[in-house]
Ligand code: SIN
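A lone chain, given as structure tokens: the form predicted on its own.
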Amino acid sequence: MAQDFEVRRLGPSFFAEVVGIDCSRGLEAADFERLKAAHLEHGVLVLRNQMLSPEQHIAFSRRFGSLLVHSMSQFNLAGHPEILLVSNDKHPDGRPVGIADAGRYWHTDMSYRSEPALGSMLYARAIPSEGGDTSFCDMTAAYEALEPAMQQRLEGLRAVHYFSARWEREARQGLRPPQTQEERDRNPPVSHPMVRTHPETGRRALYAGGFTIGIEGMPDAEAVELLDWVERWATQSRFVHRHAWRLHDVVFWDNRCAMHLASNYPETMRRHMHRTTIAGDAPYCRPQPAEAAVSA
């Protein structure tokens, strides 16, 4: 049976909420195509009031593509490795159940892979009564607002992304265990264009974030300065929407055109989320047509 759901824009240039849809029931083809089109239009969707078992969460996510399994396997849900636990729960022996401090820096998920994630789907199963919001920034709008000279400069650059460098930085804060050598070897450094063409919409977006450690062919100090500038530019308030979670929200974001940042919350309060991650493809930057380059 078709579902009569509504899509409402919330953010300044992106981000929308979907009301009246039940993902546990499965979606007819027409409803799925409408939802997918909304995701491509808005970049980030929040689907309200979902009641999903792990099996239903995985099945719904797979409608959008094959799923990736996080390389830090001890934080994947037992029996359902496609689900990463973003949680401050602990095992009886004190070990963390999930990644309690996940995403407390601007980033796109799994940009450190040669074929990064298409999207991520985060399901709120327990939320704190204060804090814990997630902010998103519109990397397409940020790119389009750049001066043409800066657009052209960034289009010729490739940033280096490295998972272990970021993980080790967070591990020093005491919330994450150090990686083993085998875990470090699973994700060697990769480079991606700093401007990527969205493979479905054709629009261009900035592409960098918290897993970057440098820029190919650029001295380290200059690269860090430019990467920091790009992050400050893209995370201006005019490009950002801050999402205050409600219990049983599912937020589905497009990693190809949006970065996100998790906010802190009181450690005494429980936060327990399930995340699936949809596989994508290698980023590329399609050359602009000659007439577009001239008009710019």
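Don't overthink the numbering: it's just position in the shown sequence, from 1. Everything numeric here is computed off the predicted structure, so don't read it as measured data.
From this point on, the text means the form predicted in complex with the ligand, which you will not see here.
key: Heavy atom contact within 4.5 Å of the ligand in the model of the complex, the stretch among 143 to 151, 103 to 111, 74 to 82, 160 to 168   = Result of the contact check: 103 to 111.
inquiry  = Give me the residue from V190, V86, I215, I127 that has a heavy atom within 4.5 Å of the ligand in the model of the complex.
reply    = Answer to the contact question: V86.
key: Contact residue in the model of the complex, from H260, H39, H57, H241 (heavy atom within 4.5 Å of the ligand)   = Flagged contact: H260.
request  = Using heavy atoms and a 4.5 Å cut-off, decide whether L122, T134 and R275 all contact the ligand in the model of the complex.
outcome  = Checked in the model of the complex: all three residues contact the ligand.
Interface membership of W253, the ligand in the model of the complex, 4.5 Å heavy atom rule = Yes.
task = Select from 188 to 202 the residues with a non-hydrogen atom within 4.5 Å of the ligand in the model of the complex and write them out in sequence order.
result = Nothing in this stretch is in contact.
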